[in-house]
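Two forms, one protein chain; structure tokens for each follow separately as structure 1 and structure 2.
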Structure 1
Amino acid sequence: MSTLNVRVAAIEQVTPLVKHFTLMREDGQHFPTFSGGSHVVVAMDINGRTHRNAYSLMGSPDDTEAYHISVRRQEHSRGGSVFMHDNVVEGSQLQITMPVNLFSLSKMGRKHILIAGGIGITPFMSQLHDIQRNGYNYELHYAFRSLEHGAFSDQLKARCGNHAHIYVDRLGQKLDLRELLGSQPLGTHVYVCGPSSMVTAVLETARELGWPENHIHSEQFTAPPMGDAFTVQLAKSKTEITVPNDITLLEALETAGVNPDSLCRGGACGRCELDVLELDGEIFHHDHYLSDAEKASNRKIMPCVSRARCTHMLLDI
């Protein structure tokens, strides 16, 4: 995997919970351009353990001097965002992957509806550059809790004019999904990024209204949920490992010196998929990658976010 060493050039507190980080390359070179909706995975060294979080690139894809990410502080997570907020300062060094896009605009779309909740606005910040450069027909719907949490809302109103629709929850402003998705022309694509309740609502509403599945796009990076410890057996490595309660299966495999391929570490990209050969218990699937049928079959697991309750799970690695 290609990685880049970067230095934090600037930090801006955008809202009480969100910081915007400007990253520049250590070697003084330019970054590659990227496509709207791309993310990078940031590697942090937290107490000797490498922690990796995916963050959307929110700058202009044509700006190759710097990359921009925004991080919302998640108090109840395992510490990646807290580390970014409390320990990373201007001048700090980080390592990032090259941009990856799991949330790209469908270039064949006749119209694009972008729906963002809170920090879920970030992938749209770069997509809007592509949309405007290509002259696509679009609407942006951006919902957040209260005025102080509306990161970038003034900037977006200025950039998008009457294409932007803002909903402030505290002011009682609600996005009516049924109304919005029920009145779109044929060939429209909808994109949603935000809290899982919002993503679920958009997916369900669109499906109920008969939207084609490949016109519905969502992106969620799941912080891996913790749970009880469990034990797995590895068929190819011929060994057994225990996954402690606060470590992911992927991290436990890596600690044991088994290195499955991996990329986003948020259950989105599918890169770390493993085959489950035998299982005597239950898998808790937390990813957004496997189909419902694949999840129900218990023949596959995404070790970056998913866990199990079992005494015996034989993995094909």
Structure 2
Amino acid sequence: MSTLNVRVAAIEQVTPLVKHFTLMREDGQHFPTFSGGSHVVVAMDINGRTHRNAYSLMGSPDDTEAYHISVRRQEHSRGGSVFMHDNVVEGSQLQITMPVNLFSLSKMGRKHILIAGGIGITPFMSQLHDIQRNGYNYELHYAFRSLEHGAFSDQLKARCGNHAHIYVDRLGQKLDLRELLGSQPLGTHVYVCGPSSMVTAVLETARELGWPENHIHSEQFTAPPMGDAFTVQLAKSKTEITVPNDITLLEALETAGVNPDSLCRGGACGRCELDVLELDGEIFHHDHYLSDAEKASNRKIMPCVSRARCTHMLLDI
């Protein structure tokens, strides 16, 4: 995938756990245009290894002078968010991919319900520009733990007026999904981004209420879990690759010079799916793409997030 060299032009501490980064192109040119809901993948050199994390673009799609992303610090992760918080400063140089949109608004929707939890608000920051520019009917429902962790909540209330509904857990404010999703007109689309529990609850509630599947949209970049090291064999190149405990199978393949196609790097898009030809062991599936039957078969793996415990795995690559 094509990449762009950028420098960090500004950093803002939005909440105790969230930093906002303004990125400019190193060559001084404007960025490519994008649509609301797009993301880029940021490459980070952490202790000599390249880590790549996806982050939603937050600014106006009409403003391509700078790109804007926000990163929540996750202590129990592989280190990407900690690196962005502790090592990236104004003037730092980074490399990002071109924008990709796996979470776009449906132009056919009569109404749009946006549901965000915590840092899941980020893709909606750019979607709102598209919604308001086109005059779409919408509601924004934003839930977070406490007032100090409500990133951009004041900005959103000022920008969206009575279209914005805020829920602060520590104040006892709860979002009633069944009431919300059970009272929408035909042709409404729902979009959710946030913790896995919230995403699952929205999807299950919408389906129980009979929402058409193509009216339900979700985005969740799963942080690849760490695990035991394992070794894989590549059928086409006749090579063997060891996957350390702290990087993904996809990253191990890339380090070895093998570059499977990939987009989201979060187990959502399906682009990096690989066929497993032989397996002596077990695959730990962490993606949101494969069906339950495909996962149970152990014949496919999403190398961006899934791992294995095995003595032998042969991949069709």
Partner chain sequence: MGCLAFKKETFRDDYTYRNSPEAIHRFPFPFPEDKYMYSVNIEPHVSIKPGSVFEFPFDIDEHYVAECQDKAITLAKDPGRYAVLPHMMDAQWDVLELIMESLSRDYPDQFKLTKDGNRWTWHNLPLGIQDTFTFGDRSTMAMDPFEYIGRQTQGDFVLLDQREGTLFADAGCITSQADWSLAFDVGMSWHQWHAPVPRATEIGVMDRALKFMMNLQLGSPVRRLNWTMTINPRLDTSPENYPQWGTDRNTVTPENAGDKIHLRVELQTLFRLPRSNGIVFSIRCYLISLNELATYPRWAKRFHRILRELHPDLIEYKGLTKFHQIAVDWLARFDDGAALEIGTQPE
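In this text, all values refer to a predicted model and were calculated from it rather than measured experimentally. Residue 1 is the first residue of structure 1, and the numbers go on in sequence order from there. Note that the rigid core is defined as the largest set of C-alphas that superpose within 1.5 Å between two forms.
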{"query": "Of structures 1 and 2, the form predicted on its own", "finding": "2"}
{"query": "Per-residue C-alpha change between structures 1 and 2, H312, threshold 2 Å, rigid core fit", "finding": "yes"}
{"query": "Core-aligned CA displacement of T50 at least 2 Å between structures 1 and 2", "finding": "no"}
{"query": "Residue shift check between structures 1 and 2, rigid core fit, A229 Cα at least 2 Å", "finding": "yes"}
{"query": "Rigid-core-fitted C-alpha displacement of D280 between structures 1 and 2 (angstrom)", "finding": "3.5"}
